[in-house]
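Heads up, the chain below is alone and in the form predicted alone; it's given as structure tokens.
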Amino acid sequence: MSQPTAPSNPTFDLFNPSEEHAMLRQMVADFTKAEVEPQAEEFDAKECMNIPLFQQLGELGLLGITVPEEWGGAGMDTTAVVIVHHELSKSDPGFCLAYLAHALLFVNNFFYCSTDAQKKRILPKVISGEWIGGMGMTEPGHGTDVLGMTTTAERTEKGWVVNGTKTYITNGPEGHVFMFYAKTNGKISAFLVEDGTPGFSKSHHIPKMGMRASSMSELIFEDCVIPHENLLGEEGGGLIHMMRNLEIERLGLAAMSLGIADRCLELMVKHAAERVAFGQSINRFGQIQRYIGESYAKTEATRALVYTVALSVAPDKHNRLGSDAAKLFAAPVGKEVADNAMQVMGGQGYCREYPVERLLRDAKLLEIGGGTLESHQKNITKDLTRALR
């Protein structure tokens, strides 16, 4: 049951294992500071995706970050995925969530369950940013209970006839193409649907508490005819694709929590050093020191866990126990550090003039999306118990 560890090389950098990783981090950090930060508050208020900014991610080669170079992607690993989500979320977790839904939930998942013909038709458009992608799994009556989904696809001579509704779909309003799951003869299969397909529609944007720079909607199928060639992988094999992709998705989400914690810790420390009360900086008071000290310790523990687990997740390497643990630990830390920062900053933190208010709202979603905390607890217990046999 031992977990993979970093190489024994004393010069090994867990957070930037190679020069390529270090260059990627610097590029994304610079882009985030120059382009993402200035627009974050505006698009949080608008409650929609900044599409031109999203397309710049395509120009930077980030939309197909896990896709091999021979297929037009960057050919990078899970650590690279963590780096991008970590850095973007320091300024705009909502925008980063739209990126995750496209790059991981759609592009990465699609690549590993599609035929060469499907890849040739779809990948150039989604890697460039011409098309925005998303993934439909959750239903109005079924979230974590994936096996209870009621969306069906019936094979006919003219194609797959799909009926059902998916909800809380990130990138729904803006999306051009979606991977979605439906039951075929009682088993779950994966399909591709493009915007404009007869019988396929999307609801209006669903307002939400946080992550407002990414929008979400329902995907509605009413006798929607999907071409036979839009089946992804084998009929009945959708659950395998879904579970395989969850590990990298959960690490991306955990990295987002780390980004939130990093930024909030920075704001908290700066404010506590500059704010004077009773003739001295408030960082001289024990309660403030407690908030800062505990926030730092938990943020560093999150950083070590998320980046260590990233080393053990790849297309041919799985670590569900580690990815569940990483997100289970990281998600509450992002929320707790944001809350601590608001407490330290007082009225300033509570006002929209400072990003802490937005980051705290954004942080809550990470305890729900991509698997609830309770689902991670269940999975970890199941895996540890299985290891006893």
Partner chain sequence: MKIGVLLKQVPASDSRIKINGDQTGIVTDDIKWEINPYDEFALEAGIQLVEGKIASSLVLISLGGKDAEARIKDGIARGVKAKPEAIRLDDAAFAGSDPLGEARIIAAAIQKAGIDLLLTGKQAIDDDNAQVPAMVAELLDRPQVTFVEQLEVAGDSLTAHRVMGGGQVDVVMSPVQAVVTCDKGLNSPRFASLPGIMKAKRAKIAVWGAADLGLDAGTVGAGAAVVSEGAYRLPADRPSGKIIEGADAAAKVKELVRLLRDEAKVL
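Numbering follows the first chain given and starts at 1. Predicted model only: the values in this text are computed from it and were never measured.
If you look for the form predicted in complex with the partner chain, you will not find it shown, but the lines that follow are about it.
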Would Asp339 sit within 4.5 Å of the partner chain in the predicted bound form, counting heavy atoms only? no
Contact flag, Gln26 vs the partner chain in the predicted bound form, heavy atom cut 4.5 Å: yes
According to a 4.5 angstroms non-hydrogen atom cut-off, is Asp13 in contact with the partner chain in the predicted bound form? no
With a 4.5 Å heavy atom cut-off, would you call Ala363 a contact of the partner chain in the predicted bound form? no
Heavy atoms within 4.5 Å of the partner chain in the predicted bound form: which stretch among 43-51, 66-74, 319-327, 341-349? 66-74
Though the partner is not shown here, which residues of 39-69 have a heavy atom within 4.5 Å of the partner chain in the predicted bound form? Glu59, Leu60, Gly61, Leu62, Ile65, Glu69
